[in-house]
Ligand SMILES: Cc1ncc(COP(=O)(O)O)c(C=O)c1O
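The chain below stands alone and is given as structure tokens, in the form predicted alone.
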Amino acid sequence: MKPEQFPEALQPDLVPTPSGELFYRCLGCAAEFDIRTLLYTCPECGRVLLIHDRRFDRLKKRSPEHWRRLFDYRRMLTIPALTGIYRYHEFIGPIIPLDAVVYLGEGHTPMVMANAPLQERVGMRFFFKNDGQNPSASFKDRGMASALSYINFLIRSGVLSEVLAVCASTGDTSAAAALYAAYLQPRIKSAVLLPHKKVTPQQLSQPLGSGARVYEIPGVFDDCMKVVEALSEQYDVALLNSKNAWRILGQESYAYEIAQAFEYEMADKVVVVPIGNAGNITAVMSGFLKFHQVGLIDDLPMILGVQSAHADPVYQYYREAETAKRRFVAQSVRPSVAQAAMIGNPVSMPRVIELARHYDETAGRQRVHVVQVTEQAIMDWQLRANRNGHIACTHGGECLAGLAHALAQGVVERQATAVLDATAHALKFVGFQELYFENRFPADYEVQPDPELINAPVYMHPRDLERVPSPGAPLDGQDLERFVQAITSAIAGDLDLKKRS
């Protein structure tokens, strides 16, 4: 539909124009900085930053009902820039003009309700939100659309001319960064750092295919992160990890989409996210808080963060019940099937601490919880999910394992409705499924396959068949007839099929 075909009351607001007054604020010393500078940490104290809008209260001048109708009607617009995460332009990047927005198909991923058998096994109603259906097959595209739209805006404004974008990654970040940078070439080029042999072949192929300069280095993600931090501090490059506060803004769209999908009724909802570098849980909390501030939602949903026992620094921090006694301690991580969450020193931890405190205070009770799950539970629940019609990655399995554990512990109530983050496409992590089915997991993963969950192809070649087809040598006549009948009978016997009467 064209804007002039919409209700008159909405027409002035349907297509947003640049507004607001964004700035960086340090979570350590509260210093504020100009948004037109590429900043990732505070120049004065080194702590991480969040982006704020000095004129945020202008959004409260529109009634909640007006906002809801506006977002619903924007669904019908054919303007590319408003088709993705920038449907929520005023909340994500209000200073960015629409002609600078980069849209590659990200956002508005489907929410798929679990089937009855799986809901019954878990013990409650829940959905998977399939963020693996983003363009590079992971949720990282939300943040990259925001970060690269911002850089594109700076280039178009003459603030920057050419940019080399860099990131450290466990796979998904590099795929997203390389894809969005490739779309904006030649003004933007990308380089990514990966831990050697710690990224799946599927994930490694993505930045290579997008033309990024790919470096593999010894160690784990945390070591890669140290190197790109040094690069961003010493050289003129753009850092695209979640240390970049624009990434957080883009990932807030995940919360906005969930709120809209439930008609903004969030009182009995639980949003389950895996925690790696902690940018995603930060963004989800921030997004719901913004919608709550303007009255779009009346209640804040429970946020349930999940970590593997092999990489659980956030869980360990919140294990201490007394706030004053909590101390964050970075970890040396162990191998995990939740590979993107195998991070022992998440850069967004200060954001988590600040936003979780604010979230609970706003809700008037504890609404942010973190649980720990085993590697065994992650793999078992991932396979169960996919056997019930989902395309959950290992991180989706981590979320489902966390929900089942939280339900058993009484953290989550059975009458609630949960939304689980399947952060990437299952095919990115198919190697772990193969290890499970073939019982080849290295001992340090601590995963033993459940025989009921193992699946393998069955090779059908009846011994009494003398001739079988092969490439370039097909069968015909009686040989083909005997082959078809023999294979048909063998399969029917294996499946215990009954012949038609």
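Since this is a predicted model, take the numbers as computed values, not measurements. Start at 1 with the first residue shown and count on from there.
The following text describes the form predicted together with this ligand, which does not appear among the structures shown.
Comment: this ligand is not present in this chain, but in the predicted bound form one of Leu400, Cys224, Ile275, Ile151 has a heavy atom within 4.5 Å of it, namely Ile275.
Proximity to this ligand in the predicted bound form, defined as a heavy atom within 4.5 Å, holds among Val284, Ala341, Leu355, Ala392 only for Ala341. Screening 257-265, 402-410, 422-430, 381-389 for residues having heavy atoms within 4.5 Å of this ligand in the predicted bound form returns a single hit, 422-430.
Annotated contacts: Lys140, Asp172 and Gly279 all touch this ligand in the predicted bound form [non-hydrogen atom within 4.5 angstroms].
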